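First, one chain by itself in structure tokens, the form predicted on its own.
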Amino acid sequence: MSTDVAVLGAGMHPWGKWGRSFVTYGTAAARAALADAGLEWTEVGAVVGADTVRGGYPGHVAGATFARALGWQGARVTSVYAACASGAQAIAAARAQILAGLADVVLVVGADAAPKGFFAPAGGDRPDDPDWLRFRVLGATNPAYFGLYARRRMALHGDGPEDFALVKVKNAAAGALNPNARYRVPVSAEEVAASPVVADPLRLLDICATSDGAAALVLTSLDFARARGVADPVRIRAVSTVTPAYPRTELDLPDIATDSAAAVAPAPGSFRSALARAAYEEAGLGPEDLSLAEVYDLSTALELEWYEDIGLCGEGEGAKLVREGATALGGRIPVNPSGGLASFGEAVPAQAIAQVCELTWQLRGTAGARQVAGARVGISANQGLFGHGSAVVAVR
């Protein structure tokens, strides 16, 4: 039995700081995705919304919020919160409903209106919340976490700030070609090196911004797609949302300690590599089959980690790939041809959906100046807080 679902529509609201509600952005993205699919809102059988924790009180959640904004029409509704993996979990929920026969057409939407500066936890005392604790106990903002990972790469693999800067240069060049990106100006390595230090060794241009933005997908059964005359749609073949395995032997915020490995041997590979491995296994594919990848470049150094985690190279070899130009547009395996978070910034519930939008356009061959020639298979990957993460494999 096939577990593929069709991507009939993909749409975005451009990223930036627009000063409007997340509802405005998500509704615009949803309408764009419906138009791309050639479907009416009334044909949607279910809506899955990826939540933003900044979107008001618990009754103001994404699934019903977007259904109301588009106009009540009786569709099923689901809302999902899973930190940075919210969008991928929304895709997984939509796919499950389609494969279960509960709906032929599901609209997936994620949107955010992010605060200025770095993300911080909501107010109040929550000693059982590891995110709240890492601020209270360590004073560790996200850039501090990114800086720790960068230092670890420097110590273990000999990477340097000049390697990290090449990631920004690559992604800014791709983002300059993307009309939905917030930052559309090429950047030089010298400009990265001249930007202010934020969390040593990372500079301002090594770290992604927080942004407003939205993305949406229209997913359908393969039978519905064929009935609408789409014989060869982009298909989602796998969605991985596995959790970490015990013991954790690397510090991974918001956790503020590692587990003891005295009695239990660590699992092979990292949590991030487990996300990709599960997706490959479900899809029946491997990294050698990839045409492109979209990964969560919260910082330039973290993108190099992802090269290794999704199997593009061995441990410690990520910097070699970017130095060779292998992951740039026109390279052997382009990574973040959208421009990545370096060009978009972070709109948390939308970003995993936006990654699949980019895979869709690339696999259709409609990505314009940033098109990856002959793209047939793509993977997206991200990691969020609390053991959340995802990998999605799309094929054509």
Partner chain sequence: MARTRTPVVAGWFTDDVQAEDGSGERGFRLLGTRCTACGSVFFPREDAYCRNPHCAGDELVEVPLSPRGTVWSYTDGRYRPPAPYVSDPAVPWEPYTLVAVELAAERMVVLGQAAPGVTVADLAVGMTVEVVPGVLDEDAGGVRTTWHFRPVPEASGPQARTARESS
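Numbering follows the first chain given and starts at 1. Everything numeric in this text was worked out from a predicted model, so none of it was measured.
Below, we turn to the form predicted together with the partner chain, even though it does not appear here.
Contact annotation for P121: at least one heavy atom lies within 4.5 Å of the partner chain in the predicted bound form. When the partner chain is considered in the predicted bound form, P161 lies well away from it, no heavy atom lying within 4.5 Å.
Remark: L321 does not count among the residues lining the partner chain in the predicted bound form, judged by a heavy atom distance of 4.5 Å or less. Residue contact check for H157: none of its heavy atoms lie within 4.5 Å of the partner chain in the predicted bound form.
Of the candidate stretches 161 to 169, 291 to 299, 214 to 222, 260 to 268, only 260 to 268 has residues with heavy atoms within 4.5 Å of the partner chain in the predicted bound form. For the residues A176, A193, L251, A96, the 4.5 Å heavy atom test against the partner chain in the predicted bound form is passed only by L251. Out of the listed residues A113, C84, V198, A92, V198 is the one that sits within 4.5 Å of the partner chain in the predicted bound form by at least one heavy atom.
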